[in-house]
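Quick heads-up: it's one chain on its own, the form predicted on its own, in structure tokens.
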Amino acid sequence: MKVLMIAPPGAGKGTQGVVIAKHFGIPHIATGDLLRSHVSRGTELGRSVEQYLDRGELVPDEVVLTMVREALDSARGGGYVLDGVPRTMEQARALYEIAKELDMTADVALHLKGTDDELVRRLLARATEQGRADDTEDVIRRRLALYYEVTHPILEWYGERGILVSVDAMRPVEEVGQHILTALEVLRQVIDGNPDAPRTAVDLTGLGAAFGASS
């Protein structure tokens, strides 16, 4: 399985990415971890990244995509869970071209949906645990607003391509993971059976009811 993770802050993208990677035996490619690895190893890319991180600036797309290309190339012939990219429509299109060149285009764009109030609650709790006093409710809501502004075009694009799968990420972590793995296992059978068959976007946000889960 080749999976892209798309989620607002606080939806559990990193946690569920690890769950998926472990279940399918595929690498979890987290761009944040890759950045830190390059910096700690003192690679040429890491040295260029460190300059932006030290200044508190966003790492340019071309640097991030170069790093992701290396990771996808290393995973070529298998699957992956990509966590952290794309964040913008420009990144999504560039990533598609890279993946197409490597014959590693995504099978699924997994969208973890959440409600603003619950996401804010989770992020405030995390900020308290980590002692991040600058993560106020106003700051968190601005981050969420930015996410919605730049991400909706990406979701629409993946929906048009037929690879978008949406799940409710506001349930307990284990329950969300169970729903995701169930959906991906079904999709794997479909893809393995006829990889070229046309597909449509799938909204599984009501899957909890099918499992008899309480709201």
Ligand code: AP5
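None of the values given here were measured: they were computed from a predicted structure. We call the rigid core the largest set of C-alpha positions that still match within 1.5 Å between the two forms. The numbering used is simple: start at 1 and walk along the sequence shown.
The same protein also has a form predicted in complex with this ligand, omitted here; what follows describes it.
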| request: State yes only if every one of H38, T66 and V108 has a non-hydrogen atom within 4.5 Å of this ligand in the predicted complex; otherwise state no. | output: no
| request: Could you tell me which stretch in 184-192, 39-47, 58-66, 155-163 has residues with non-hydrogen atoms within 4.5 Å of this ligand in the predicted complex? | output: 58-66
| request: Indicate whether A11 is a 4.5 Å heavy atom neighbour of this ligand in the predicted complex. | output: yes
| task | Using the partner position in the predicted complex, report whether Q178 sits within 4.5 Å of this ligand, counting heavy atoms only. | result | no
| said: Residue-level question: is K100 within 4.5 Å of this ligand in the predicted complex, judged on heavy atoms? | reply: no
| said: in the predicted complex, does R93 come within 4.5 Å of this ligand, counting heavy atoms only? | reply: no
| remark: Those residues of 136-152 with a non-hydrogen atom no more than 4.5 Å from this ligand in the predicted complex are R143
| Would you say L35 moves its Cα by 2 Å or more between the shown form and the other one, aligning on the core? | yes
| Q178 C-alpha moves between the shown form and the other one by 2 Å or more, core aligned | no
| Per-residue C-alpha change between the shown form and the other one, L187, threshold 2 Å, rigid core fit | no
| task | Note whether the distance between the C-alpha atoms of L45 and M104 decreases (closer) or increases (farther) in the predicted complex, against the displayed form; the change is 3 Å or more. | result | farther
